[in-house]
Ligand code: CIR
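Only one chain is included here, represented as structure tokens and corresponding to the form predicted on its own.
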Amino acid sequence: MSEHRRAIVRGVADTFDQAVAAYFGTGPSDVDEAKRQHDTYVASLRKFGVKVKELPTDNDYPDCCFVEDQVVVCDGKGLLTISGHDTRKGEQDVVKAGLESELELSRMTPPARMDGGDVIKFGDKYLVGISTRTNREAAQQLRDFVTPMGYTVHEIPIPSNALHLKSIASSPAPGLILAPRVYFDENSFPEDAEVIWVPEEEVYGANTIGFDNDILVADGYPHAHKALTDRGFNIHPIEMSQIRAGDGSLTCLSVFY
């Protein structure tokens, strides 16, 4: 059974056209379309049986729909991060309020900085991207958090032309990684990982969410889609163009717990 049974999401702000964007585009150009794409995303989660809790949006925080960055979840506990971008720190209060009745929460402490988009749960490991948004002090605090629960942390350097680990890779199914080779080397992933490589130009298509044999994918990335269907997965493409324009991906829009 998929681990993705409950999730929080947060609506797209009216100010989303001011979202921080430097990697996939120059910023969203159509906030209404971004909201429609987000609605489709939420409906897709529910279609796969996810119980979705929708948190209120806040126009003071253009990036607030990207809830994933605010917390890392492990076995009924949540570690609240310290956002890697200063303008996003105030987003966390609503996320905390939405989860504190569901999870046992604790907080990172400075000088740690982490975005949850740099963290992939991979079996008994947490893969952590060391990026412009996540530092090694945060990786160590995550290690201290998950080790008592039987998990290890595997650090992966993220090149400066990528935002997060999950911006350029995902784990659509247990033991499997989808990623473009150009951003990684042969030592990037754990030895027990099976990596499906996608072309560099389809890097955005490497971000996926798996629900057993069904995979939610961004529309428009045929090589990534074929790689998954060749493996016997059923893919479910949705339009993500305006979310992408805000440097967001599928995983950015939810926290599963």
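Since we're looking at a predicted model, the values are computed, not measured. One rule holds for the numbers: they count along the sequence shown, beginning at 1.
Omitted from view is the form predicted together with citrulline (CIR), to which the following refers.
Residues with any non-hydrogen atom within 4.5 angstroms of citrulline (CIR) in the model of the complex fall in just one of 68 to 76, 94 to 102, 134 to 142, 148 to 156: 68 to 76.
Although the partner is absent here, Ser167 is a contact residue: one of its heavy atoms lies within 4.5 angstroms of citrulline (CIR) in the model of the complex. In the model of the complex, citrulline (CIR) sits beyond 4.5 Å of every heavy atom of Arg113.
Of the heavy atoms in Pro172, none are within 4.5 Å of citrulline (CIR) in the model of the complex. Within 4.5 Å of some heavy atom of citrulline (CIR) in the model of the complex lies at least one heavy atom of Leu163. Applying a 4.5 Å heavy atom cutoff to citrulline (CIR) in the model of the complex picks out Gly246, Asp247, Gly248, Cys252 from 230 to 257, in order along the sequence.
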